[in-house]
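A single chain comes next, written as structure tokens; it is the form predicted on its own.
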């Protein structure tokens, strides 16, 4: 007896029906009848909308990651694909007198060379368009790109950029953000000054509050430049179709912003630019804006072939955005029992050679600089300045980690000077429900004190320590 007939007879016996002939089976309706969806309207219930919270949820991409089968940009290849490399300036501040690409052009295996003068609109940036795709008149930090090549192999491209000769006229440079504030400091974007964004917050009468404070504490705190160091460096592949449309596979985390920037730099309508977001092997804020995408697109247009560019780890450090270094001056007035009645803050952000996300970082840092504490009298002044260093931009927290380090360091110093428990001085000053932020925002669902107490309990803060 055929297998299907045996299976059908078994099902019918299970259901208490007599076995049917083969002809009858052909007319049997499907075992599972179609169901109209939705079966019923589901009404969300409070605190039950996210049943995955607290459960072991499987990531859909976890298996491929674990098996090493995830395809990143450097795993992709297209027929006839070329490889690009960018020549970096290697000098912090200089005027470009000439760029000689003739030797690179003549090398076997080199199919195209590109300089900044060939880029239709040679500037970009998320707020200020102050950064060149390839520097063509002036270098503002050592990681500036000045020329690029597309070749049959990465090795040929690497050798070709060494053949490009650039004649520089060195210019005075500034590397310290406090020096950059001075009127006589070298101007990174001359003739404009180095301060390109400021923010001020005033609340209450700071001077009067300091006058009646029992103790006044002052301190300077500084943080360093930090690179994101994702496992995957910046990478992209550009190619054109016969209708004059460019497609770019990119590690960008913000493809809509990237599409707008590519459209602008290439002077193309946005509907002729397609950005394909691939699996990103780490971002942390460092892949929020374009880097080499316009360069690869123009090299691809010149050669009529796909062009791939992958940054080296060295380029990640010298030619991509980093976390802002801060110099932070804090002056805090407190009563005998440790209550903060006045705080004055001055922030100086090192923006590096270009703006990037500095304006956003400045605003967040300024607003958060007082800390999560009720302070009736406050003055905050914040500045971001150009220096001849790697540009700074987005990184987790956008200015919050730097000021957190400063105000919490000073809270520990105040507690030690007043012989107070560091936990108690924070509980005394912490935000409560309905408190107002430095800019007047009324805060809701404030659980700061409860969180501190819970953390102290879990940690065993009150237990004797040997």
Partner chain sequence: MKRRGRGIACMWYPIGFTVSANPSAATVKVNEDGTATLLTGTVETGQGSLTVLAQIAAEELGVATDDVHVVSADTDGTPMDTGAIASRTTYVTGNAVRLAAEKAKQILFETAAPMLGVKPEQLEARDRNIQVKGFPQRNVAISVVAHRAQVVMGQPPIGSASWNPPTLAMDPETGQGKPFSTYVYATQIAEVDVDDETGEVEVLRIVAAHDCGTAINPMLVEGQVEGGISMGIGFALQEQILFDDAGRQINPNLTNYIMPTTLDMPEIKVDIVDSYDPTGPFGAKGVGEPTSVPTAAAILNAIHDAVGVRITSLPATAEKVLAAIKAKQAQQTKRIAAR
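The structure presented is a predicted model; accordingly, all values stated were derived computationally and were not measured. Residue numbers count along the first chain shown, from 1.
There is another form of this protein, the form predicted together with its partner chain, and it is not shown here; the text below is about that form.
- Proximity to its partner chain in the predicted bound form holds for all of 277, 431 and 439, with the criterion being a heavy atom within 4.5 Å.
- Interface residue among 374, 189, 364, 301 relative to its partner chain in the predicted bound form, by the heavy atom within 4.5 Å criterion: 364.
- Note on the partner interface in the predicted bound form: the residue among 240, 175, 210, 78 having a heavy atom within 4.5 angstroms of its partner chain is 175.
- Stretch 366 to 374 is the answer when you ask which of 366 to 374, 130 to 138, 331 to 339, 155 to 163 has residues with heavy atoms within 4.5 Å of its partner chain in the predicted bound form.
- Contact check for residue 98: no non-hydrogen atom falls within 4.5 Å of its partner chain in the predicted bound form.
- Put simply, residue 224 is close to its partner chain in the predicted bound form: some heavy atom of it is within 4.5 Å.
- The closest heavy atom approach of residue 323 to its partner chain in the predicted bound form falls within 4.5 Å.
- The closest heavy atom approach of residue 389 to its partner chain in the predicted bound form falls within 4.5 Å.
- Residues are counted as partner-facing when one of their heavy atoms sits within 4.5 Å of its partner chain in the predicted bound form; in 283 to 322 these are 283, 284, 288, 313, 314, 317, 318, 322, in sequence order.
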